[in-house]
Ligand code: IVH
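One chain follows as structure tokens, the form predicted on its own.
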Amino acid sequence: MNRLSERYISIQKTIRSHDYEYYILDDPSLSDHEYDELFRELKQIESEHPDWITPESPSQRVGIKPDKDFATFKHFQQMLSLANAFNAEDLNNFHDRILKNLGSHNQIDYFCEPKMDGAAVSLIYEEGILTKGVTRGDGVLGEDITSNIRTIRSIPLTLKESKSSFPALLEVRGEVFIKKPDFEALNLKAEKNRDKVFANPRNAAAGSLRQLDPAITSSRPLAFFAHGIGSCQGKEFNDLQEIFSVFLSWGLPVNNLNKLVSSIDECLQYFQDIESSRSNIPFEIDGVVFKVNELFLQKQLGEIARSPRWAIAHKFPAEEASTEIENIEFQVGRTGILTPVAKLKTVNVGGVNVSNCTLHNLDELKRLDPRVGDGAVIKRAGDVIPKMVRVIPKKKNRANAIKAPQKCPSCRSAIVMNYQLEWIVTDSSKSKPLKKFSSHYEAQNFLEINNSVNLSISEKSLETPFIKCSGGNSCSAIFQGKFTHFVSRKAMDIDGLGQEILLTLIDQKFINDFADIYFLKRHRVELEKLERFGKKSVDNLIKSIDRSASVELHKFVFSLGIEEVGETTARNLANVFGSMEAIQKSSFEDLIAVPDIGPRVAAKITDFFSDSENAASLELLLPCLSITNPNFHTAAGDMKFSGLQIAITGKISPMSRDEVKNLLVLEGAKVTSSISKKTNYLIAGENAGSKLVKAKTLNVKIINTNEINNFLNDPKKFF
């Protein structure tokens, strides 16, 4: 594998990770500019090597799957994302492509709009009545957030009567956002009430839309602008200008900064005008969108896998600011990993005051070589985490280079080096590595899909280590980090145990173990005497703790903070084993059979449960809780595939192999990676190889690609 192909795989992985953070977690770690740059590089590589493109490439789809907490809804027309332009040359190239595709040099009218930095939604009106509100989701399936959409006052529940009759069905595409003054007021109120302070208006809007309680959404100052149309049944439009004019007559809010122009030069002028007045616009924007105005021409131009050919987003340049490095510290996380963080002279970047900047790892520290007293260029561009772009070395008396500490800055325990692993698939017939993976599970899947006796997997440590405190729970930073994670929203979700209050309770020795949280009610009188505590706040805290005692298994597993066990892995453990007792007793071999778990993660899990301190902690904690697992079938007889041994081979679509495997395991199947006389079924996708041949030889029943959905829904038809 050459460097270019390695880079291509790395970019895909980073983009997928960001998509999950952006669309599901509402907590992006990359700026829009960094994401756009990665996507440009991905597209460039694919244009040079089109044979590398697979349906799994981020360029071939939009977004990711919706959160399982919401019901899903299939969009009548796919919600596509937009290609990006970053300069005048990109925009002119877009215009030239349009002329070439249309085979015409006639004038093209463009509809210009500010690019809202909010949350994309689709509103469905039937005969003028709002019947559904849906998030963008993965572009095909969105989350049904109708109850929350109905709370937004700028969205009409019934369209206003006008000269234009209502279509039988109308999909209105638009953006939910929060105006800058409203956002500032929201955060001031949150600070006063000691609630969560939002990083930016986009996160606030997206998070508000995805509240399970509509009352919370209703309390947020959300607004809406319509910016497009999906399916429309029973009414014809000629162009975008007409659509937005009719929208206004129906009472649908439309951005008054929109403008129709008649040339690409006028598009550039519009961009410059909007950019120059950006600070005075009352809502956040990150660029300008240009669309071919006539719907007939849009239809002629069509679309590619990810975006329409008739529209483009001209993004604003990333915002940067220069400041000075005052110090560089190593912060200890809940797993003990030390992260270098630059302490900066406070600087305003993209409208936010920045005084800290993570340097991520030793590689980044070595590459940038930041030192105390040096200048630094910080980039934010609307993202949550500021990034140090480059260092400006101090000209005289420059400080010494920063070195990794030998002892933990929190507890003074020894620092140990941990090396990350990668798994390499090698083709012995070519005597060279074929592909690299960050997990054994991914490598094994690749091996099964390609089905060649010449392929093998080897394990290798990467050269760059990360540093870790060896102190364990005796390190106060690790100890406090574990509790902060345990009570967090995605874990036990104990409202009222913010970091400061939690640390106070730890310092005052009220909490020494997870179970102590559930015994706090015994100390009600003592708690009420603490600073910032009172009868009402203690009552609310105890109620929140009592509510958290009833918890789903996957959330509890995630709350334990097992190293490298995220939300997905926790769900898979809950789905496969069904109970906490079964997870605790699982062997290494049991664990590596679970989707998303390879040898490294399996070892972390077994190490956690075999640790005497963790075992003692769980023994105290478990009696305090009522752990449920509503999605798990406790009765084997209720499972569709109970007792069946099923293998999968070849390329599966539109679902992935992991999705199919998860569905089978949830319904009692044992999914194996090999074919034997014990195999009941083989699900054979595209390019099935030797397994298919062996299955036929052993008279194993074959489920072909076009039968998979029927098999998963009603396997009895195939018995």
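Please read these numbers as outputs of a predicted model, since none were measured by experiment. Start at 1 with the first residue shown and count on from there.
Here the subject shifts to the form predicted in complex with the ligand, a form of this protein not shown in this document.
When the ligand is considered in the predicted bound form, only one residue from Leu141, Cys411, Val289, Leu527 comes within 4.5 Å through any heavy atom, namely Val289. This chain lacks the partner; the member of Leu186, Leu368, Ala120, Leu618 within 4.5 angstroms of the ligand in the predicted bound form by a non-hydrogen atom is Ala120. Note on the interface: of 610-618, 289-297, 558-566, 396-404, the segment with non-hydrogen atoms within 4.5 angstroms of the ligand in the predicted bound form is 289-297. The closest heavy atom approach of Pro201 to the ligand in the predicted bound form falls outside 4.5 Å. Though the partner is left out of this view, Met116 does reach within 4.5 Å of the ligand in the predicted bound form, counting heavy atoms only.
Interface residue remark: His314 is not counted as part of the site for the ligand in the predicted bound form, having no heavy atom within 4.5 Å. Of the heavy atoms in Pro308, some are within 4.5 Å of the ligand in the predicted bound form. Candidate site formed by Leu80, Arg136 and His227: every one of these residues places a non-hydrogen atom within 4.5 angstroms of the ligand in the predicted bound form.
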